[in-house]
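This text opens with one protein chain seen in two forms, each one given by itself as structure tokens under the names structure 1 and structure 2.
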Structure 1
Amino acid sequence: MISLAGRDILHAWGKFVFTGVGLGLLIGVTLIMAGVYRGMVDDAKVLLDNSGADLWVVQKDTLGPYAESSSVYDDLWRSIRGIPGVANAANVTYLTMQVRHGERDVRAMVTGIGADGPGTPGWPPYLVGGRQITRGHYEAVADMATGFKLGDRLKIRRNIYTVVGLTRRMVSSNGDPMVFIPLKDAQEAQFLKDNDAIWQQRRRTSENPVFNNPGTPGVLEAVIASQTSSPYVNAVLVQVARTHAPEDVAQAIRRWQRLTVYTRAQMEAILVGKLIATSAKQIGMFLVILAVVSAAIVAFIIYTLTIGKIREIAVLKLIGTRNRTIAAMILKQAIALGTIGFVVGKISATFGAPYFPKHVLLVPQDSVAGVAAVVAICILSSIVAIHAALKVDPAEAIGG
């Protein structure tokens, strides 16, 4: 038996293929949109993965350090390190800021990491070039997305840093690339005021007779020195020994240190549930709209194609073709159109994704779901056309 659908597609193949490509671009955008959402979730998870921590110890009653600001004293890690079950604890600071390279500013999350060595919580887990930080000051490891090259000199606040290593997919939950610098420098960048502010503060202090009493020399210098220290970090990252359950250790820290501690699952809930919830809803809305638009376009195309050959269908009916055959023809064409569309969409999405400013993650599950959705939409959209084709009066073949 000859394939009516195939014959018809061959008859008007140009129109068919180009319609498929057009539909494909629309499906591509839909896939990218889903990829953007997946990318946001992945950014949040990758941030947690890359920190290498099992527990996050932050200021009491804050959602820190990613969702809310948090500051704890930088000697806190010692008391945490002494709690049973803690394998490693390291200070960390996070600050999203502009990093200056020559004439260019790059928005990045500057992360201060402790001075231990590779594998310490907070350190980038893998590099794509260069080396890890070895000096305690003025070195940086940057994410590729910053556009920095090895040997570049960056300006963060008042200090110059040399890029010694490059890493990849190290991003904040907002998708800003990370720049890792030694902790002490990062503390200075985050908590030490700029020179003008320090001057103002010194002047105010020196004009206060309590601090600058002529009869007690030396008090002023001591007060000024105490004002310019920065003994804070944003969080303490904790790695739990394999013999202990993270929740038990977290409970011990909460109880004895009276701090807020998040486990990996809780942190993920904060990042995915709270930080990107609104953006996720926004993208969900766009996905729904794009799906409806795609369905409408497919329905419209199929309907137009069917109406365009209504006379032929009438002839087919006149010569006694069964309704089922005609419906199958239209359905097959719709599915073929959808398949071409999906293939074009998947290709365009894959090639287009790297050019988007934010991370677009195309997961195979989304593609599978996409195929199913496209086929379902095509079947549903063809119903209108099938209905119109079946209603046609065979007499039209003669009358027209």
Structure 2
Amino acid sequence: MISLAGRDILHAWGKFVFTGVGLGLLIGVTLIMAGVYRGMVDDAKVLLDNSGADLWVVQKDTLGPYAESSSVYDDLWRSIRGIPGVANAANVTYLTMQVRHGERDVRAMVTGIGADGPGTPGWPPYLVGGRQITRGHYEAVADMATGFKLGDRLKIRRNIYTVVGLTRRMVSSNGDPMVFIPLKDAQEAQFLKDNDAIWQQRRRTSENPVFNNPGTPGVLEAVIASQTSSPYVNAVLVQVARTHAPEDVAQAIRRWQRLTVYTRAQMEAILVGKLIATSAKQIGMFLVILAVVSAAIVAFIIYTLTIGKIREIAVLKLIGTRNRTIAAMILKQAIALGTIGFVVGKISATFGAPYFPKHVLLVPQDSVAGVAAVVAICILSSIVAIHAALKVDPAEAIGG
């Protein structure tokens, strides 16, 4: 049987192969976009896994601490630890900011962790270098994605921290690497104001006759002292005893502490369903646009190649070749072009993903879906060329 694809490869291989490579790069971008979405979902799950928590206790009626601002008192964990079913509870703060190292700024999620030591909720579960934080101030454990090394000195707000440990795949839901510092330092970095703001606040307080009443000495000093410390954290992370169901313990905390409590499934739904929902829609739109563009390119190329062989097709019809056979040849040519494009796209996506700024997770399911989509696009795109070939008059073979 005559193969139109084979003929193009033999006599015009450059045009056919380079067209396949161009299509492959487009398919590679499509696979990368799907990998970006998978990476965002994986980052959200990694964040929850690494926290070591079964429950997240946050400010009432908020989606905190990852999707929305949340503030609770830092002595709340003592009351929560006394509730039946609670194995461990610890304060934690999260602050996404620029961390300065020398002349370089790195965007990171600064996480304040309690002083109870490794194994406590919120602490990095493992290290790939150095040690955990052992001092109460000015030590940090950084994710390797920050590019920091052991012994580096970082500036967070007004304080300098020394990197004493390195970890891996500790990222926020946005993919920002995490930097762990002592909780007190994180509270200061997150809630305390700069010197000018503190001066303005003290001036306003001193001018308030309620606080600065000559008849009640000492009130002004007490109010100012209360303004210089921060008694808040973003959330309390809770580990539940194996003998209790997380939902039962969460219900008890909601009832007695009157706070919002999320289980692992609920927090995952917030991160995946709400926090990255807009990004997922944007990626979905790009995938649709790329699919339409790919279909248009394949249709144009197959139509051009078919029109270029219109005399050969007329000869085939003249010698009695059935329309079904001609249509099958064009269809095979389109699928061959799509196969070359997918192979090129898969290779380019695999080797290009590590260099992408975001975490790209390529999963086999997306590759299988990609093959099916490419074949479907090629079949649909060849319809125009098949229609043009079947309308060819056999007389054109002899110049009629």
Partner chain sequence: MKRLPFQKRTLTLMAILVPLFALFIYVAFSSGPLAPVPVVLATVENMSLSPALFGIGTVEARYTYKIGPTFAGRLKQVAFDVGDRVRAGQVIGEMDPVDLDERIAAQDAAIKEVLAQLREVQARKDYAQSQAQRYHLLLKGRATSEETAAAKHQELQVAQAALAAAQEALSRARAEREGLAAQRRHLLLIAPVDGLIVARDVDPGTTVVAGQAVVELIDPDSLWIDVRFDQIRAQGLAAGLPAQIVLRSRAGVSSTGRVLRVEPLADAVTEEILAKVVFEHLPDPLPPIGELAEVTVELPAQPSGPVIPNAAIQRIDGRLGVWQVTDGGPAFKPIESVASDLDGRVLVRKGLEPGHRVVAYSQSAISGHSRIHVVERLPGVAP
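Residues are numbered by position in structure 1's sequence, first residue being 1. Only the largest set of C-alpha atoms that superpose within 1.5 Å between the two forms is called the rigid core. Nothing here was measured: the structure is a model prediction, and the numbers come from that model.
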| Of structures 1 and 2, the one that is the form predicted in complex with the partner chain | 1
| Core-superposed comparison between structures 1 and 2, residue 290 Cα displacement 2 Å or beyond | no
| said: After superposing the rigid core, is the C-alpha displacement of residue 127 2 Å or more between structures 1 and 2? | reply: yes
| field | Core superposition between structures 1 and 2, C-alpha change of residue 260 at least 2 Å | value | no
| said: residue 136: how large is its C-alpha shift between structures 1 and 2, with the rigid core as the superposition reference, in Å? | reply: 2.7
